[in-house]
Structures are given as C-alpha cells and as structure tokens.
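Quick setup: one chain, the form predicted alone, written in structure tokens, and binding and motion questions come after.
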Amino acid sequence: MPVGASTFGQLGANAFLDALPRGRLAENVLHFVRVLRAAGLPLGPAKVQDALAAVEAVGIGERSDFREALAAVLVSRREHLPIFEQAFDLFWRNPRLLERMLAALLPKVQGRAGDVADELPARLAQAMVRAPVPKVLPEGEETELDATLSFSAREVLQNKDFASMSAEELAQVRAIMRTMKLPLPERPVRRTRASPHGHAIDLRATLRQSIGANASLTPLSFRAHRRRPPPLCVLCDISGSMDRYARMLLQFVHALTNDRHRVHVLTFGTRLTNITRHLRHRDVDVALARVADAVEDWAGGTRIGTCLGEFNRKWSRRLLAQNAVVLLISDGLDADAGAGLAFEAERLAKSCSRLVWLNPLLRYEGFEARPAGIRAILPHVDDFLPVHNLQSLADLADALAGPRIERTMQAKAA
C-alpha cells in the first residue's frame, strides 16, 4: 500500500526512528544516499558503508543524533549542506516539505531571483520523486511509491527545439547538458617539458647525466613545448528574443566552467556583465541564482555593438590571450541597427584564434541574413552554427574537436 505524508506526520520526531525495523534501516540509508547522489552530491559506495557505521555508532534513539551522524559522513562541502538538510526532511518524511517538493516540479515564471536560496532545488525534487520512501510498515507489508513521472528518450530530445520542450523534457535536457564536453585541440605553449623526442636539446639535463660518466658517451636530453587547450570565452546574448535559449545554454556553460580551466563567461543585452565567478559555484541551482542577482538587463533590449565595444576595450587583452576561442551566442537582432557593429566584430575576430557564432535563427531552413546586425557580424566569424537543441551542441563539439583551428589561424595570418 502507498505510504503518504500523513502516516509520517502522526509519528513524533523520535518515534518515527524507533518505528524503523532494524532489518530495513540499512536499506533505507542506502536509498537515502542514492537520493543525495541523484541531487548532485559526490557520493560513492564507500559513503554508504561510512553512513551505516556512523548510524550504528550513535544509534537511532534521537533524531538529531541520527541526522548529524549522516551529515558528518555524507556532506563534504558547505554548499551541499542545504541540499542534505532538505533531502533529510523529505526522505525521512517532513509532510510540510512534501508540498514544496511537488511545487518545485511545476513550471513557473520568476523574475529576479531574490529568494531562490529558500526554495527547494528542482533537481532535489526530481530525485525525491524517483526515490522510494522509507519503509516503516510492519515486516509483512510492502511499501509502494505512486509517482509516475516519465521522460522522453534521449534520441527523441536530440532534435527537439528548446523552445518547444515541456518542463519535464527541459529537466532531462539539463541533466544531459551537465555530462556534455566541449573538446578543444591542444596547442603548444611557451613553456617546455622533458621529452624523449623533443625539438631542442636540454643542455642542463645533458650535463647532469655526463657527471660521473668517466668519458663514456652521454645520451642527449631533449625538451618539447607543453600543450594545453586554449582559453574559452563565451559571450551570451540575454535579450528578450534570446531569453529561453539563454537560460538553457547557461546550464551548458556552467558544466563547461566546472569541467575545465580558463573559461570566461559574459552576458550582454543593453550592458556587459561578467558572470564567470558566479558560474564557478559547483551547484548549478546556486550558480544560476547568483547570475540572476548579478545581471540587471535580463530579457531587455539588445545593443550588440556597444557591448562588444566595451568587451574589446576592457576585457579583450585579459581574456583572449594564448589563442583563445570565442563563442558568440546571439540571434544578431540589434536595437541599434548594426551601428558600429562591423568594426567591433572585426576587432574581436582579430583578437582571438577562432570566432564561432551560435545563432538559434539558423534552425529555420529559409534563414536569410537580412537584419543589419547579422550582416555586420557574419563576414568576420569563422563558424556560423545553429544552437537550438542537443544535436546542435553535439555538432558544435564535433566542429571544435577537429584541426579546423589550425586552418583558421593560417587563413587569418594570410
């Protein structure tokens, strides 16, 4: 029979722990760790053993001791503590939070996220709905969870436009984005390292090996240039026409920021805002909440030329060193009708090794570069690609993974 919130509401703070059958406790702790893992906490099988050992040490007589014992072994970062606390109250069934869990699954429109920290993270709600409830019934009865949330297969979502997805499909796409990579070919840098097949002789290492050689032949040591991926700079349009796509793509950019070093993210609408340090927070919900607080021109107008000019003056030299790659995410619809945009786009293209323009308008088969903003930027970009679904992001990864950067650099040098 299904166990509802009222069953647990009738139990006291300590009575519900006493009601747990000893044989079921290990299974419930295992399910609780799975919920936390689904919510984003880095927990492996060893943490389950640590949690069981902690519970065995403190017992289940007091709810507070039980809670603190699990927190001590399952929470390793300060930002994970709020998720653990909410998951604990939900999993061990606080009925008042059950309504908030279900409400978090419903699509809603929010303005500036001033109270996001007090809301239940949607990914925790999704993890709780898919998880089994604690089993507190007698041994002979079985517990069922009547929550039938199903999602489309990944293959179906590959070519579906972000703007036409339901709330459930968007949740699954966000989970897929967190696992996507954006490979960039490694390029040689100035620093060198020891290498058996280097291009230059390492005199210091060769002389060191010759000490004590007793006039015998000493092999030469070589050094080669180190190789590392170039920096990545993302300029994301957050104007009203780009609102739905910008919200989804920032989920993807957050995964890139936490996956690799030297990733810089700036948003622009009527002004330019650097949100790199906000996206570096590992928790995607907290990171996007901080971005919402920092950005003041979300879903407003678009002044692409003015914002690119500010980027070229204030940020270009700091962020575009060492052959950086720039991703310009915009539909090119400029409120200033492209005034000064061609000059700033050309300057941006000359400052980086590769300028990739991702435009959601390319999803239309009959797309034509008629707006003035699009015609001003287009001659200066190296790649003009669509960005409106998962398949377009996969195509972007394939485009950047090949040796096209080398050919682009040669073309620019010529």
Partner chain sequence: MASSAQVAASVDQTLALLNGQDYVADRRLATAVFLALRLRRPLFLEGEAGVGKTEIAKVLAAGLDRPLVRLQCYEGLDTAAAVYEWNYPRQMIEIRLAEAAGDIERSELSHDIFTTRFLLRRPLLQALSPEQGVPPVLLIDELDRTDEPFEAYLLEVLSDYQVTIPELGTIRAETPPIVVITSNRTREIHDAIKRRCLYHWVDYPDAARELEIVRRKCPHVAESLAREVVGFTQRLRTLDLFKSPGIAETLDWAEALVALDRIALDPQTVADTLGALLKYQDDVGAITPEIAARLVREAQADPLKA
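Numbering follows the first chain given and starts at 1. Just so it is clear, the structure is predicted and the values come from calculations on it, not from any experiment. Heads up, when I say rigid core I mean the largest set of C-alphas that superpose within 1.5 Å between the two forms.
Only in words, not in the display: the form predicted in complex with the partner chain, which the text now covers.
With the partner chain left out of view, the stretch that reaches within 4.5 Å of it through heavy atoms in the model of the complex is, among 291-299, 168-176, 316-324, 247-255, 316-324. Contact check for L30, F222 and L341: none of the three has a heavy atom within 4.5 Å of the partner chain in the model of the complex. Checking R228, H199, R193, R271 for any heavy atom within 4.5 Å of the partner chain in the model of the complex turns up a single hit: R228. A heavy atom within 4.5 Å of the partner chain in the model of the complex is found for exactly one of A163, A72, M180, A337: A72.
Shown alone here, R37 lies farther than 4.5 Å from the partner chain in the model of the complex, counting heavy atoms only. Proximity of D383 to the partner chain in the model of the complex falls outside the 4.5 Å heavy atom cutoff. The closest non-hydrogen atom of I211 lies within 4.5 Å of the partner chain in the model of the complex.
Interface membership of E186, defined by any non-hydrogen atom within 4.5 Å of the partner chain in the model of the complex, is ruled out.
In sequence order, K47, D50, A53, A54 are the residues of 36-54 having a heavy atom within 4.5 Å of the partner chain in the model of the complex; the partner itself is omitted from this view. With a cut-off of 2 Å and the rigid core superposed, A175 has a Cα displacement that falls short of the cut-off between this form and the one not shown.
Superposed on the core, the two forms differ at R67: its CA moves 2 Å or more between this form and the one not shown. Core-superposed comparison between this form and the one not shown: the Cα of H380 travels less than 2 Å. Compared with the form shown here, the C-alpha atoms of P42 and R260 sit at least 3 Å farther apart in the model of the complex. Cα-Cα spacing of H281 to V73 is enlarged in the model of the complex versus the present form (difference of at least 3 Å).
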